[in-house]
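Here you get one chain, nothing else, as structure tokens; it is the form predicted alone.
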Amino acid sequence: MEVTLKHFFSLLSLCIIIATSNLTGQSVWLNELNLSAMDIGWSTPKANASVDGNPLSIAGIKYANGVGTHATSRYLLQLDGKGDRFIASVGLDDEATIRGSVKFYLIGDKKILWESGVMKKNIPAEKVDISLSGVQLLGLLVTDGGDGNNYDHADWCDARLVMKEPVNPAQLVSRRGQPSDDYYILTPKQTDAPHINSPKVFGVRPGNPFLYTIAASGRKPVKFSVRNLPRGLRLDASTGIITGVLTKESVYTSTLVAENSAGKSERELRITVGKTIALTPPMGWNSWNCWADAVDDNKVRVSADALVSSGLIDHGWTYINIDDCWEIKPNATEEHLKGTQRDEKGMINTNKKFPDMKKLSDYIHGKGLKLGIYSSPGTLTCAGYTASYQYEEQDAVRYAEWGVDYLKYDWCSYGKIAPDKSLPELKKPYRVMRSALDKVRRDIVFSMCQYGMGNVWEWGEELGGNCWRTTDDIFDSWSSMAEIGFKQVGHEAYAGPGHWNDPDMLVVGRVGWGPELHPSRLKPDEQYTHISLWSLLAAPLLIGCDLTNIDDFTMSLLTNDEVIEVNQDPLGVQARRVSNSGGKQIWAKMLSDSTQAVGLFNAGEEGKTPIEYFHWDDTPTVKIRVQGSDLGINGKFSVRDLWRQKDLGVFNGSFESDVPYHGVVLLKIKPVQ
């Protein structure tokens, strides 16, 4: 009996110790926290999975528990001194099969508590076990390893906080330093009077079909006319669609006129018949960021309908571009993707989702819009569908037969064909397709999508590219958008009418890469930055959202004609970065009317140390001052706010404005005599 009592009291003591331990040594697992406040460079953070949704795996070791993320990634936790230890195993996920390198940091109260080495593929996970004694704010940071953030799939495995006292896990997640969620519309409401918004210059090659739609906002109906319309062209007065053929090289100047019951608008149009097309950056819609492989004929048609019915067409949005997944997919198991890849003449076939590409093209052209399509120089597209390798001339002919106006040509599987990534090999497939396009009687914008390899901006024009991707794919996060946009410094020397740097598509509105969509994860101020920066960069503007479900805020971003005119300015200059100090950036773009468009950006982390990736105090609104002398202006200048379409006055020597965190003030500055 005595032994039994001893055992009883021993067990009771052990239970008390365990209970006390559980009370004061609470483990809070990272994967159980709200990850929506984790900002990452691509996709979304995943609980108990890699960023691509696969099982967590580092150097062949599988982990059931953890968080998959992507550089640059940051997450701020409010510990208030209640933390005891942070424990984890970290590294590059095995799914990063091509390349990738990352570095992990734990930062407590503006001090680096721990940092990993550069983690690459097949490097075993580094173990983390550090004290959190006294730490109020803990920042979890993943940066790239010094070679950009391509394939930087980073894992926090078995990651947990051991707490000194019980806490509510929901209260650990801090949103300090994050941009505001408040949506606010700056673009003024449109007037009833007409206003012509279409490009002031247009290029066409001799003998090729001509299609130009006069874009005019204002109360409907609007009646259109053109003074000095070149012989060979005709105008539909009710739609503003100009069609026909011009056979001789020349430059024509016409006057576009739009009239309705509330007034009249005129704009001069310079038509250049010669070797150069895409005299202003292409504007339109692309299916990928919205529908990805869920795209089909009906979704494209309703997107074209929505571009017109929403009024976006009235502001110059023109292209309806089908991205990947319209072709036959070899070895497909889905019936609608099966079929003969090419006919007996080598002409490419569509899958059953696109029963008649010519009819679809005619439908889109009938609305005054243009059709874009997608392929790859390899044997397969990025999504594994039939591509153009060794059939370039047949495909160019087929595109012309269908009435295609834009070709996105994506490197992808050509990487398995090219023996190396030397400059001649990088150029070769694009030279081949350019030659094929030159043989057909149709103007097809040639978009070279090869992610900036070999500094494509330096030779894209030489190969006949009308635009070329300078980066990897964009995603709807600040890290992704800012990483891409603010790193276009120096590329301005290679852009101009007919040849544009392309930092990828727009990620505003409802996106999701199909078929499930979500509102863009960019905060409102970040979306203003996105549109402002892309306009200053003279970048192709391709909307990536669902046009059938577009909210008022997104419409206001896409219909501000003064902002769009910065992008479509006929001078074709890409903005340069004037200054960059502590994340305060100023970009300036010369315009054809001798004014300058100037963006004041509160970029936050760009160029900062690991500690400065986090805001340990309240969200900062900063003052940014632009000096007239930095713009080549001595003395007085007038300032206009382009988003608000409001004159701010005349200033002498400098102008200063408050700029919200991750936000922008977009100005038009003009010297005053």
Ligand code: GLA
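Residue indices: 1-based, along the sequence shown. Fair warning: this is a prediction, and the values are worked out from it, not measured in the lab.
Separately, the form predicted together with the ligand exists; it is not shown, and the next lines address it.
In the model of the complex, the ligand sits within 4.5 Å of a heavy atom of residue 469. With a 4.5 Å cutoff on heavy atoms, residue 461 does not count as touching the ligand in the model of the complex; it lies far away. Although the partner is absent here, residue 354 sits far enough away that none of its heavy atoms falls within 4.5 Å of the ligand in the model of the complex. Although the partner is absent here, residue 408 sits close enough that one of its heavy atoms falls within 4.5 Å of the ligand in the model of the complex. This chain appears without its partner; in the model of the complex, the one residue of 211, 226, 397, 382 with a heavy atom within 4.5 Å of the ligand is 382. Only one of 482, 575, 505, 371 comes within 4.5 Å of the ligand in the model of the complex through a heavy atom, and that residue is 505.
Contact with the ligand in the model of the complex, judged as any non-hydrogen atom within 4.5 angstroms, is confined among 105-113, 445-453, 329-337, 152-160 to 445-453. For the partner-free chain shown, just 288 of 285-309 comes within 4.5 angstroms of the ligand in the model of the complex, judged by any non-hydrogen atom.
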